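Next up: just one chain, as structure tokens, the form predicted on its own.
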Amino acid sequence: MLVNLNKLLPRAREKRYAVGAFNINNLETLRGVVAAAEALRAPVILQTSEGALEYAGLEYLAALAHTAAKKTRVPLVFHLDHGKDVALIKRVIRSGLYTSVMFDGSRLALKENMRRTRELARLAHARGMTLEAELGVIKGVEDKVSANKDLFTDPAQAAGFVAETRCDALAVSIGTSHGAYKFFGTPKLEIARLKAIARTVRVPLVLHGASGVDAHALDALHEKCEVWGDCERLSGARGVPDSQIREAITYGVAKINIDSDLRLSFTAAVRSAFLNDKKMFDPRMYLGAGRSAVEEVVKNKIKLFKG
């Protein structure tokens, strides 16, 4: 069944666990995410980026999400991730196909971010949808999201921002990064900043750019890379350690976005399928391997976020 963020996140924050938000781009990623949710009887958030809508089409992805919701008893949120195009967000809201949207006005001046967020929250709430907002800029490159440096969320602005905009969840910038190259030194989140935000903000907090970039998955991606000539693929990539994810959850983070880990595992599985069967040409075989890899990643994330 499809629900909005308010059916899941307030309880998650209260009980100090987080709900995983997983980016889907096609049938295989969706089925992998939903299979993991069903296996563990855990709710998940299915989210689509603006880039995913360009690639697969809004109606196609919505049809997949609605079909999954009809076939499972696990609560699913269908969420627009990192919406920057106001016209697109309004189209999504008016379509009635989603249960939640995000407006990313983080690159705007504070007052303009607040004004647009409030307008979109009003439209979303009138349709029974929730709205996630962002305060502060999260660096990195992924899909259509790009920023050269962090602008950490100011705890002094957070409470006023939430009160003025009436957003249902707030994405914060505390040192995570979009993409697979999150850290070039020692991984470190600004936990003290997160604590300060959580003391004044009552809505659930959201952690973007939170993939772990698992070392075992990287090893699988680089198997026999000398033969394939692709040893530089994601060479040096680093993610957020599990211990820091758990710490963030204890201080108000109730929604955690995962995309790079799904891409990494899917690519490694498809690559391994071709590596191990030189005659393979059936897409159902190698895409099925990718789907299974996504399912395992999502299971591990659900367990991590539950603690």
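Numbers follow the displayed sequence, beginning with 1. Treat the numbers as computed from the prediction; the structure is a model and nothing was measured.
This protein has a second form, the form predicted together with a small molecule, left out of what is shown; the following refers to that one.
Trainee: Would 23, 81 and 257 all count as contacting the small molecule in the model of the complex, using a 4.5 Å heavy atom cut-off?
Mentor: Affirmative, all three are within 4.5 Å.
Trainee: Ok, 187, 75, 179, 155: which has a heavy atom sitting within 4.5 Å of the small molecule in the model of the complex?
Mentor: None of the others qualify; the residue that does is 179.
Trainee: Pick from 204, 209, 105, 175: which has a non-hydrogen atom within 4.5 Å of the small molecule in the model of the complex?
Mentor: Looking at the other structure, the residue within range turns out to be 209.
Trainee: Hey, of 81-89, 108-116, 190-198, 155-163, which bit sits against the small molecule in the model of the complex at 4.5 Å between non-hydrogen atoms?
Mentor: So the stretch in question is 81-89.
Trainee: Would you classify residue 47 as touching the small molecule in the model of the complex, given a 4.5 Å non-hydrogen atom cut-off?
Mentor: Looking in the model of the complex, residue contacts with the small molecule include residue 47, since a heavy atom lies within 4.5 Å.
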